[in-house]
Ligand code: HEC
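Here's a solo chain for you in C-alpha cells, the form predicted on its own.
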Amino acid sequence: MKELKIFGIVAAFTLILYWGVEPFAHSQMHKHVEGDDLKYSDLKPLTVKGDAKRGESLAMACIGCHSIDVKNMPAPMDAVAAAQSFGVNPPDLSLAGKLLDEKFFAHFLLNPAEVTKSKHFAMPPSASSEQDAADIVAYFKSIAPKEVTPKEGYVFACGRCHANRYDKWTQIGDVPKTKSNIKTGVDLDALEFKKKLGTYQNKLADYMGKLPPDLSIIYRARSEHFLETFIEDPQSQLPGTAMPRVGLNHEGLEKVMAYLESTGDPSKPKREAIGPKVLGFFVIFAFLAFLWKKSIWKGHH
C-alpha cells in the first residue's frame, strides 16, 4: 500500500501542476476571446423574406466575376487572370447558400467591405436594397447542394487564399499529376503549373499585403477555440489582419474544421481507437505487478 500512496501523491501533484500552472501560463501569453456562436450580433436581423424566383434574375449580375457550377455557369476567366484583375480569384457561388449565414450573406451583398471588416476587400455592393439582398440569398439557398464535403467547404471559404500542402492543395487547385519527358527528364506541365501558381501567389500577396499562410498544420498549432473564433471574426484574435470575415454558418465552420483536422492530424482516429486499449493494458499490467510484488514480499514484513 505504501507504493500506491506514493503513486497517488505523485499523480495528484502532476495534475495540479498541469491543470493549474499550464492554463494560467497560457492565459497570460494569449488573451481569451469569447466567440459569438456565429450569431453576427453586430448585424441587424433581416426584416423581409426573400423570393428565390426574383433573386435568380438579380443573381445573374454575379456571373460577371463568379462561377455557379451547379447551374453550369463557368467563371468568365481562369484563376490566374482573375487574380490579375481582382487580386484574388472570386469564389464559385454554388455553396454560398449552404455554408454562409443568411443574415451575414444579405448584409455582405449590401456592404461587403464593412461586413467583412477588411480594408483589402474591394468587392462592390451586389444589392441596392434589403429586399434585393434577401431575394439573392433565397436564390442561392434554393440551388445549393444538400451535401458538402469538408474539402469543398474549405475550398469555398479558405482555399483561394490558403494552400494546404499536406493535401496537395494550392490556391489555384490541386497539384496535378504530371510526367517528365522520357528523353529530357523535363516535366513541362509541372513547370507550367508552377508558373501559373507563382503568378497567382504574387498577385495575392500584393492584394493582401503578404501571402496568406499554408494551413496544413494549423489545426495542431492552434487550439480549436482559437480557430473557431478566428474564423468567425479574424479581427478579434488578430487586430489589423487583412483576412476578411467570411460569414460561415455552423455547418460551414464544421466542414472547414473537419478538413483542417483531417489534413493536420490524420492519425487522430487511429490514436483515439488505440487509446482505450493502451489504458486497459496499463491497468491489467499494474494489477499483475501488484500481485507479483505482494507474492515476492510475502512474509518479509
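Fair warning: this is a prediction, and the values are worked out from it, not measured in the lab. We number the residues from 1 along the sequence you see.
Missing here is the form predicted in complex with the named molecule; even so, the following discussion is about that form.
Student: In the predicted bound form, do 172, 190 and 193 all reach within 4.5 Å of the named molecule through at least one heavy atom apiece?
Tutor: So, no: the whole triplet misses the named molecule.
Student: Using a 4.5 Å heavy atom cut-off, which residue among 208, 113, 144, 197 comes into contact with the named molecule in the predicted bound form?
Tutor: If I apply the 4.5 Å criterion carefully, the residue I get is 208.
Student: Which of 163, 231, 138, 79 has a heavy atom within 4.5 Å of the named molecule in the predicted bound form?
Tutor: It is 231.
Student: So in the predicted bound form, is the named molecule close enough to residue 238 to count as touching (4.5 Å, heavy atoms)?
Tutor: Residue-level check for residue 238: yes, a contact with the named molecule.
Student: Mark residue 201 yes when one of its heavy atoms lies within 4.5 Å of a heavy atom of the named molecule in the predicted bound form, and no otherwise.
Tutor: Contact with the named molecule, no.
Student: Would residue 123 sit within 4.5 Å of the named molecule in the predicted bound form, counting heavy atoms only?
Tutor: Because a heavy atom of residue 123 falls inside 4.5 Å of the named molecule in the predicted bound form, the answer is yes.
Student: Using a 4.5 angstroms cut-off on non-hydrogen atoms, would residue 61 count as touching the named molecule in the predicted bound form?
Tutor: Flag for residue 61 set to yes.
Student: Among 144-152, 218-226, 163-171, 181-189, which stretch has residues whose heavy atoms lie within 4.5 Å of the named molecule in the predicted bound form?
Tutor: Only one stretch passes the 4.5 Å heavy-atom test: 218-226.
Student: Which of the residues spanning 93-118 lie within 4.5 Å of the named molecule in the predicted bound form, based on heavy atoms?
Tutor: Heavy-atom contacts to the named molecule in the predicted bound form: 93, 96, 100, 104, 105, 108, 109.
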